[in-house]
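Just one chain follows, in the form predicted alone, and it is written as structure tokens.
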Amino acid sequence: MKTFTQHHDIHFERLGEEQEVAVIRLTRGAKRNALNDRLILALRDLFENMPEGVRSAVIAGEGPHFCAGLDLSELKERDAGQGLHHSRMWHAALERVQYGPVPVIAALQGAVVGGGLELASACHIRVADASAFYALPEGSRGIFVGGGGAVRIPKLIGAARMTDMMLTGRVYNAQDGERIGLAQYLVPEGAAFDKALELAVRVAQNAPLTNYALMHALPRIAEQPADQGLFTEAMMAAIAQSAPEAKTRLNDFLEGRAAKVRKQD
């Protein structure tokens, strides 16, 4: 079963046997899915009002590109204060992706550039196909990242690599992007969405509290000093294992009703 709606340059539908996976597709294909404020606000609204029963999400792009970045045709002349508030609006929207209600898998193909890479970096898992390429052209255009990229992208690839990308205009292909950490999965051209959906279905089967801990607690633990991180981990572990669903799953494993971990090809 599936349901779908169109909402400000975004196509939203629910897939899966219990409609547990939300698929959010950028639908500005003629603009290579370049981001404008309306689209960013629509993303924010979707994640703030995710329907009941959705347990994971896929973000994808219509056509041959995921997202070619900021729609420069809508770039307005702003004073410093206006620019600050505009950037903070993007921060709030993409924070709803990263710290929202469900894990998000990005299906990447073609251009993953500028703001598109900022959006991808706010997702929890990135699946790229062989056509994907990554760049941060803001440096050559006299601007700076403003959608959270300065915080999120160095956590994926390191500050030195991001600096190089912005200073020199370096473009990473799909293979090198996966090697340095811009994507966790690399699949043949045209297969990114199917793989992302497969992962989203699998993620939706996890205990919701465990998924919540991975989205909200783990990145914060990574930023804490070791002693604080260990204490936060202990509290989160205690909360997660106290959930009735966790007790059921552990009993299923102990009584042989759950699959064991096996080597994969």
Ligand code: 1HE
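Since the structure is predicted, the reported quantities are computational estimates derived from the model, not experimental observations. Residue indices: 1-based, along the sequence shown.
Not pictured, yet referred to below: the form predicted together with the named molecule.
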{"query": "Partner proximity in the predicted complex: C123 to the named molecule, non-hydrogen atom cutoff 4.5 Å", "finding": "no"}
{"query": "Contact of A222 with the named molecule in the predicted complex (heavy atom, 4.5 Å)", "finding": "no"}
{"query": "4.5 angstroms heavy atom contact with the named molecule in the predicted complex for P154", "finding": "no"}
{"query": "Distance check, D129 to the named molecule in the predicted complex, heavy atom within 4.5 Å", "finding": "no"}
{"query": "All of D9, L41 and G61 within 4.5 Å of the named molecule in the predicted complex, heavy atom check", "finding": "no"}
{"query": "Among the candidates A237, A30, L218, L230, the residue which, in the predicted complex, approaches the named molecule to within 4.5 Å (heavy atoms)", "finding": "A30"}
{"query": "Option touching the named molecule, based on a heavy atom within 4.5 Å in the predicted complex, out of L84, A159, I180, L72", "finding": "L72"}
{"query": "Heavy atom contact within 4.5 Å of the named molecule in the predicted complex, the stretch among 41 to 49, 222 to 230, 61 to 69, 199 to 207", "finding": "61 to 69"}
{"query": "Residues within 4.5 Å of the named molecule in the predicted complex, restricted to 101 to 115 and counted by heavy atom", "finding": "A111, V113, G114, G115"}
